[in-house]
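What follows is a single chain, given as structure tokens, in the form predicted alone.
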Amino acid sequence: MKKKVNIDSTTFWFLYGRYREYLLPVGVIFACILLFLFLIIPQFQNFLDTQEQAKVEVNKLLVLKSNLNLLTNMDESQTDYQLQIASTTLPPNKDFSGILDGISVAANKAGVFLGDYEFQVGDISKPSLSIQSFPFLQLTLTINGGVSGVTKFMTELYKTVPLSEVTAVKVTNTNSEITVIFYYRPFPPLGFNNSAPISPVSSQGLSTISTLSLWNNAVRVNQPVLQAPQASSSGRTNPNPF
């Protein structure tokens, strides 16, 4: 059995008198430990957090200075022209006027005459900005010409904007029918992030824009369609434009 230990006042004062010279150092050490745990360590952690936050703010400042320098030296007219070429090639909406102009230019360059055509336009409401694939307009064209005429027309059409792709061809000696899809894609939602760097158009992008500017109808050439057509509508979406 454990014996119960009783410490009366005499014993307490005896122990105090014997060890009192150690009480002050022990108290100081204990106080230092408490200060280190509850004051020094939190302050040191706050210092590290402040240093990290300062680095983040410095990086933001460098990004802002770089963006300001880029925007200040940017040729606004040149940027507008580049945007015009890109949005003409891949319109942000269903660009019926651009499509008809492009078809007319391609037909005139190929020396063929257009017959009836049929649009499949789909939902005429504003397209959703969350579309991940490339929506398109499908158009069926009748051309007064055989293999040679259709080949020339497709060659010119592939060099015509908006961006298009021939998906089906039916050729006879005098009249031919081709199915073409014209791609478009809505602009992404506008957003501004102070910490995001603004990148200029890459050299590859500039080369692509330069090539697109040489395509037929890159700067809208308003030419009448050679024959007045009739149109009807319905629609769908293609997940892969290439």
Partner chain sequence: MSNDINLVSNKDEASLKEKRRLKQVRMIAVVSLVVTALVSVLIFIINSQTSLSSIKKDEDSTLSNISYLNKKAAKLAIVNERLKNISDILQKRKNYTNAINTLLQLMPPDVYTATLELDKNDVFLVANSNSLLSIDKFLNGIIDLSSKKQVIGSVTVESLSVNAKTGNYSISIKSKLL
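Residue numbers count along the first chain shown, from 1. All figures in this text were calculated on a predicted structure; none of them were measured in a lab.
Just so it is clear, the following notes concern the form predicted in complex with its partner chain, a form of the same protein that is not shown.
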**Request:** Select, from the options 161-169, 107-115, 137-145, 94-102, the stretch whose residues sit within 4.5 angstroms of its partner chain in the predicted bound form by heavy atom distance.
**Result:** 161-169
**Message:** Taking its partner chain as it sits in the predicted bound form, is residue 38 in contact with it (heavy atom to heavy atom, 4.5 Å or less)?
**Reply:** no
**Message:** Considering non-hydrogen atoms and a 4.5 Å limit, does its partner chain approach residue 213 in the predicted bound form?
**Reply:** no
**Asked** Is residue 22 a contact residue for its partner chain in the predicted bound form, using a 4.5 Å heavy atom cut-off?
**Response** yes
**Asked** Which of the residues spanning 27-46 lie within 4.5 Å of its partner chain in the predicted bound form, based on heavy atoms?
**Response** 28, 29, 32, 35, 36, 40, 43, 44, 46
